[in-house]
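One chain comes next, on its own, written out as structure tokens in the form predicted on its own.
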């Protein structure tokens, strides 16, 4: 079996009295598109900084392509990391950003870069510091995809993009992954839009991993049950409940269980409805419960 592209074991990163990551264990397989999900402040950017060798953990280990990325030139050269607040020199224009990236990326695809620049309509004569938020995001996508590094990290690459531009990004990402497979780790809040692109997901909440699983493992394992509150509670008592929402006399419970025939029969008897939970529902529920260190069970 091919070794994982990224492995983290008991990763902890503290900044004074604040713990940004707490004993995080993660695995990202080579050639996969992994979503890095969680609320603001969950630790996503800190984790990306450790993966890219821009920071070191307080304790624990991180391996990228089998090596500790910190001050390991060969590993760092294999990684492209575009932050959501990427900064450029004040006098940089489009050609400068493309040239600078090309110099350090041996797999750089000039034709792809030119095509994406045209698709996203990036202005060539305007200083990058005067770009709109959407244009900055578009430039980040161009640099990240055209670099074709073995591992590409994108931190909320969609900010400021309209629906059409976001769909263009998704389409190009899928096309690239089919023709030039590599490992992507993408931090995003647009879970519903990107669910079908992900091969796996890592969900962070308050510095802890509450989920690290493939999409195949997730499908069918979380079910939403809805109906009268008393009957939902009666049914849920026999199952592992992730979260419950109540509105008046009605309730919806997210259950970590692929309902078998008996369970479905019982739900029908109680007049309940059920459906497979989408990723957005799962992520939202996991981000609203206590972390493992506060008494909840990791899913």
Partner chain sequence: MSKTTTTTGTVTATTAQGSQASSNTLLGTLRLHFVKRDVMLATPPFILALVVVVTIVIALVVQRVGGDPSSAEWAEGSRNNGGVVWSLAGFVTYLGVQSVGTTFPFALALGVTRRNFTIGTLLAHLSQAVYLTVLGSALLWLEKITDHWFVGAYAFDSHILGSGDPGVFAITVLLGSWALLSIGGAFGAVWVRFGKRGPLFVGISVALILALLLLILAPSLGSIFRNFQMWWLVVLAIGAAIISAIGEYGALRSASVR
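Remember, it's a predicted structure, so these values are computed and weren't measured experimentally. Residue numbers count along the first chain shown, from 1.
The form predicted together with the partner chain is left out here; the points below concern that form.
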| Listed residue that, although the partner chain is not shown, lies within 4.5 Å of it in the model of the complex (heavy atoms), from 226, 135, 200, 149 | 149
| query | Which one, 59, 268, 30, 68, lies within 4.5 Å of the partner chain in the model of the complex by heavy atoms? | reply | 30
| in the model of the complex, does residue 86 have a heavy atom within 4.5 Å of the partner chain? | yes
| query | Contact between residue 106 and the partner chain in the model of the complex at 4.5 Å, heavy atoms? | reply | yes
| With the partner left out of view, is residue 214 within 4.5 angstroms of the partner chain in the model of the complex by any non-hydrogen atom? | no
| task | Evaluate residue 100 for contact with the partner chain in the model of the complex, applying a 4.5 angstroms cut-off between non-hydrogen atoms, and reply yes or no. | result | yes
| For the chain seen here without its partner, which of 192-200, 158-166, 217-225, 89-97 has a heavy atom within 4.5 Å of the partner chain in the model of the complex? | 89-97
| Do heavy atoms from each of 74, 77 and 111 fall within 4.5 Å of the partner chain in the model of the complex? | yes
| Within 238-266, which residues have a heavy atom closer than or equal to 4.5 Å from the partner chain in the model of the complex? | none
